[in-house]
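Two separate entries follow, structure 1 and structure 2, each one form of the same protein chain as structure tokens.
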Structure 1
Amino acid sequence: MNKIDLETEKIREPKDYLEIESLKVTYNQRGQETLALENVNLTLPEASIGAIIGPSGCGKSTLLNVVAGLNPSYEGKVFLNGKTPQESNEVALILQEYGLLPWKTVWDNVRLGLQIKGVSKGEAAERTEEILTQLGLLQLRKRFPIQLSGGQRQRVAIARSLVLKPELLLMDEPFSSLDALTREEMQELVLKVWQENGLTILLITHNIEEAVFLGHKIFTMSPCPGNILEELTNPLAGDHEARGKVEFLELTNYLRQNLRGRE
């Protein structure tokens, strides 16, 4: 490698996959306008994990809906790899309730998105089997959601998103209904998925420890109307031993005190 190559390698930085500038969202309910988000500015580098924390009702889910392309009624700029949310076809969203169809098996729930996109039966079957195997669900493929534990249903929801091969994975309080141990297991799974698939991930959580464990960037939001009060780069993200470190406790305490002071 010559000198120019070395210099280029040294200054190269990952590009931002998600760019939000001066985002404003207003709802009109019964003739009355409610300001949900105001002057939100946020960037998230490609192939990294961002975690959003903030008080209830601050507009976190509203923000995610805009990024997912579900709410086109906004002011400001939102770009996903240079495209607007409505132009992008590379986003998958996982909701709190998993969104699984109770009358369909695990196999059919995961395959559904591919069917909707018109993927051939052969390719759909191949991709479904591949992702179920990757997430340790293949042996459960004939079960229905009611026959699964909370953690298993969450795995199926993740599989249904990953089978579409998205570039950006959005997660809205994905583990809120799980017990503590299962929640930690799912956090480890998110890291595994991120490492193996090179995804960009943006998740909402009320759990500060979860944000510190997963988020390369941590965004703290204000009460409604929501905006980004603080953006932290987190060197502990992705460290499987992080929970036992003093730095982990210090960062979680810092974030907790900041949130309490702003509620």
Structure 2
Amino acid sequence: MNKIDLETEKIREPKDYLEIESLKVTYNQRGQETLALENVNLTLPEASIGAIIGPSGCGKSTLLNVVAGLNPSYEGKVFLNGKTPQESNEVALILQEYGLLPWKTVWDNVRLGLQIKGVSKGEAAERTEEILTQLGLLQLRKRFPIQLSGGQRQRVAIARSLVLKPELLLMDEPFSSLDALTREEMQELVLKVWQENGLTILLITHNIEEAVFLGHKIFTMSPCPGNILEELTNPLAGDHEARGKVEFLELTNYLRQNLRGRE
């Protein structure tokens, strides 16, 4: 399934990191079929941030799981820099609830990915320490996730992904359970991480302002079965003064009406 088509490989424009074409996902639970995604088409240029907004249950997490290689039974084409999600080793996923393992300390949670990828012990320790220092988490390294605040957990989840030096970072509603201040702090952190590491990021959000603040490309999705309604190029992304500008208000209002009209 989903073998690389050599023909399309040659003519592919090099600047799109993620390409999704006619993606369809059905869940089959106890004989009951749910069509979660149908005819999803999406492209995301290299080193940019894409933001997906859509109503609850429209298949956003499903889409991310496919790209992360967690759902091999999809139909359609999904390529990460020319590789299928199953082949790609350059993708990291931050789950909706962060996905930190409660039985591992901060240190062990962050190191786990390196351990699984077979990085040597010494190098793994070095890289773990480096990333924890960078995100201001080194003093917390011996704690368990349960002993952290929401913002700190989010930081650990980011550290856990970044330590793998991924090319594509997927984030599923990364800030939805944070208070407003921590949320803004984390948005800044994502921008900083993006700038410093030259990553491609695809994130899901319920928050329209957040999508406009972070997303160079904004995708709106329809309710179940989900597909992409609209793809907007957003010139305001990453602009710290944007929140005060008229264009910002106009864009958020447009998106809000667009989403509400379909719900």
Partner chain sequence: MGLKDITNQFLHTIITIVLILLGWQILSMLLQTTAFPPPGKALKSFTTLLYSDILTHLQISLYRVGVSLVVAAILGIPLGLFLGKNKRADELSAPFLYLTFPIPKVVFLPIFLILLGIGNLSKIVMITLIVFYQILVTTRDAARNVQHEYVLSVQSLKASNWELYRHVYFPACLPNILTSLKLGLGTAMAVLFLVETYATREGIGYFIMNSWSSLAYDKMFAGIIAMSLMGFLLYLLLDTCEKIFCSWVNP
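Structure 1's sequence is the ruler for residue numbers, which start at 1. In this text, the rigid core denotes the largest set of C-alpha atoms whose superposition between the two forms falls within 1.5 Å. The model shown is predicted, which means the values in this text are computed figures rather than measured ones.
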{"property": "Selected structure - the one that is the form predicted in complex with the partner chain", "result": "2"}
{"property": "Rigid core fit then K104 CA moved by 2 Å or more between structure 1 and structure 2", "result": "yes"}
